[in-house]
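Given as structure tokens, the chain that follows is alone and in the form predicted alone.
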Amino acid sequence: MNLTELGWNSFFQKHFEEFKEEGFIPARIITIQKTTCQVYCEYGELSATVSGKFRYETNLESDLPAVGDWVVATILKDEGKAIIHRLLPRKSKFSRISADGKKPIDEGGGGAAEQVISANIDTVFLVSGLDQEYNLRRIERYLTLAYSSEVKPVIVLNKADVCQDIDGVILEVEKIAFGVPIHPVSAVKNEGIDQLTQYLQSGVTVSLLGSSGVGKSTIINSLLGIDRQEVNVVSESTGKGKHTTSYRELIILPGGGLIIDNPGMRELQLWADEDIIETAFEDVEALASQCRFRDCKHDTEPGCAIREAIENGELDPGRFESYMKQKKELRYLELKKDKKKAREVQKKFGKMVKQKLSQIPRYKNDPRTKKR
């Protein structure tokens, strides 16, 4: 297979040079299923497993391969399989707090644990349904994820055929997504899908993110021209969709480009630095800089530009609430990271002290040798 068409470029080539002379080959992760995965490489599509040494030397889940990753591998030609020995540096990645990271530190959860959703993405389609799934606050969270990942976001408003005021919705989304392309489409009727092909070029990887039921699988089927991805109907009573896609997958498009389908995420636990808020909420940050007091809490302080903007209709109170919520969430995440780091240092120091003590000679009357 042509590696360039799979997204291989000078960035990955530079980091692969040290392995080139040792008989290794580069491969890209397509899917991951428990202990095995599928990869694309110059020999085609192969089943692969992570080597025992690689897994043993890896302390964090986030340092193991994710869909979209480029890895260093060897080929077992007789078996038609590959062994993964190393992970190449990522150009970009989508991360969230893993399930283990939600558990409190004092209960053995280990603080905040990172889960890499997918890697080496160039553009992300943030898909929102224009039915009961439409939610501005959710779009804001996905935008924060895109900005923190340094990936170009594109907002796709699917199910335009059921929306009565497309222009009004676009205007509403433009107020929270400054300069971000917005495309209303109807995947089920194959309307507006051609607008998305401009982002799908050879070697370019696009990822689809959005909650269940927004039509990500239908969009992919429209781009492929075949019904490859399974599609479920959104419940009319609850307005909620089912997880049609059960695993992440990297798909090669016939017209060029690659696309990653992701299972729907109704709840997105952000993994980002707090300063990304300045990008995701630049309008709110600009207003906050005009407050009379630098440490203004935007509550009862005099001369608060935020409260004044809300009162005169310049700022949506829902957007300000979302701003405060994300800011608080990311600040708390930083504290969890610090606690985890502190515990790791403490554990390492404890082992070192124990090792040093074990090296001190003990004598017959040494009180440390007496049984208690």
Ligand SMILES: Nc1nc2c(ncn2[C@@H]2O[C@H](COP(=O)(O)OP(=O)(O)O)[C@@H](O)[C@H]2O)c(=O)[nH]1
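We number the residues from 1 along the sequence you see. All values reported here derive from a predicted model rather than from experimental measurement.
Although it is not shown, the form predicted in complex with this ligand is what the next lines describe.
Residue-level contacts in the predicted bound form: of 74, 123, 217, 95, one residue has a heavy atom within 4.5 Å of this ligand, and it is 217.
With the partner omitted here, the residue from 269, 212, 132, 115 that has a non-hydrogen atom within 4.5 angstroms of this ligand in the predicted bound form is 212. Annotated contact segment (heavy atom within 4.5 Å of this ligand in the predicted bound form): 186-194, selected among 186-194, 144-152, 79-87, 250-258. For residue 161, a non-hydrogen atom is located within 4.5 Å of this ligand in the predicted bound form, even though that partner is not displayed.
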